[in-house]
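Take a look at this single chain, the form predicted on its own, given in structure tokens.
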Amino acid sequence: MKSIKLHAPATTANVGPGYDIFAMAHHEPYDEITISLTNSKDIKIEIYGDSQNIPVNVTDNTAGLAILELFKRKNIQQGVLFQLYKNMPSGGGLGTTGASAAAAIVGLNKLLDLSLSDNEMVDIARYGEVASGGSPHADNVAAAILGGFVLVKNYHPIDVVKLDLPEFHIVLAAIRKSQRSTRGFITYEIGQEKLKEQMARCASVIHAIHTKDVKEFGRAISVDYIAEPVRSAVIPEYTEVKLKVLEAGAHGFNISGGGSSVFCVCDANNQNQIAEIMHQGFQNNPNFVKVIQTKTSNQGVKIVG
């Protein structure tokens, strides 16, 4: 039985103003995955650790749907055992569902010697996201597969660009959603002036990465007129904590992906202080999980054995 072991990282999508087109990978946390080829014709999913009620039915699981999409496109019949060792909190906008789908495709690409391109892997893995978010969005799976900072340039066909990220220090407050999705409440009618600022901030994010300017990066990601107003409304104490974190010297603060987790960009010397502010600010939220201190990473899904 051929097997492969992988680490799949947490990711933050949107990254402030880049709604559905930006995402970045984190150094930690990550899930551990083992994928094995079996002699059966079945796809089996097993989850270890804190399973968090993640479905193991193939058609309800992000990795399962991604594998089905791969096998359909490539006309493959193969038994697979997908074993997920859960380290990351799910259901909070940290890209954990995308991480599973990404690991499934990266692992099977290697095991089956398929020689898929990066864009092909992203395009296939994104169909796993239908199980969690209802649509095959590509931002999280792209960041999980490629690492670094990704820009989804086009969907038809999928065209993703990876930029290497400087080492920016990150604090994540992992908070699970109080409802499945807020996407249906988001409006794109933000007005001409806000639209122009949103576009300018997207450009500033890219410029800050090229110039390795953490302060510009932070300023650029701190305002979003599309998703932040809707998603912050269902995160108790969001505005107050954001203000305190920025006053403490963080360079930027916003919602991670679809929420309700949040992230900030800061320097190493005040990362502990900011983590404590975020813990104190969100600890009474019944959906709060924990605060995680991490940094950006240019490593996506990693083969470890």
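Counting begins at 1, following the sequence as shown. The structure presented is a predicted model; accordingly, all values stated were derived computationally and were not measured.
Note that the form predicted together with a small molecule isn't included here; everything after this is about it.
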Proximity to the small molecule in the model of the complex (heavy atom, within 4.5 Å), stretch among 237-245, 253-261, 56-64, 34-42: 253-261
Residue 13 within 4.5 Å of the small molecule in the model of the complex, heavy atoms: yes
The small molecule contact at residue 126 in the model of the complex, heavy atom, 4.5 Å: no
is_contact(residue 19, the small molecule) in the model of the complex, heavy atom dist at most 4.5 Å: yes
The small molecule contact at residue 100 in the model of the complex, heavy atom, 4.5 Å: no
Heavy atom within 4.5 Å of the small molecule in the model of the complex - the one residue of 169, 176, 137, 201 that qualifies: 137
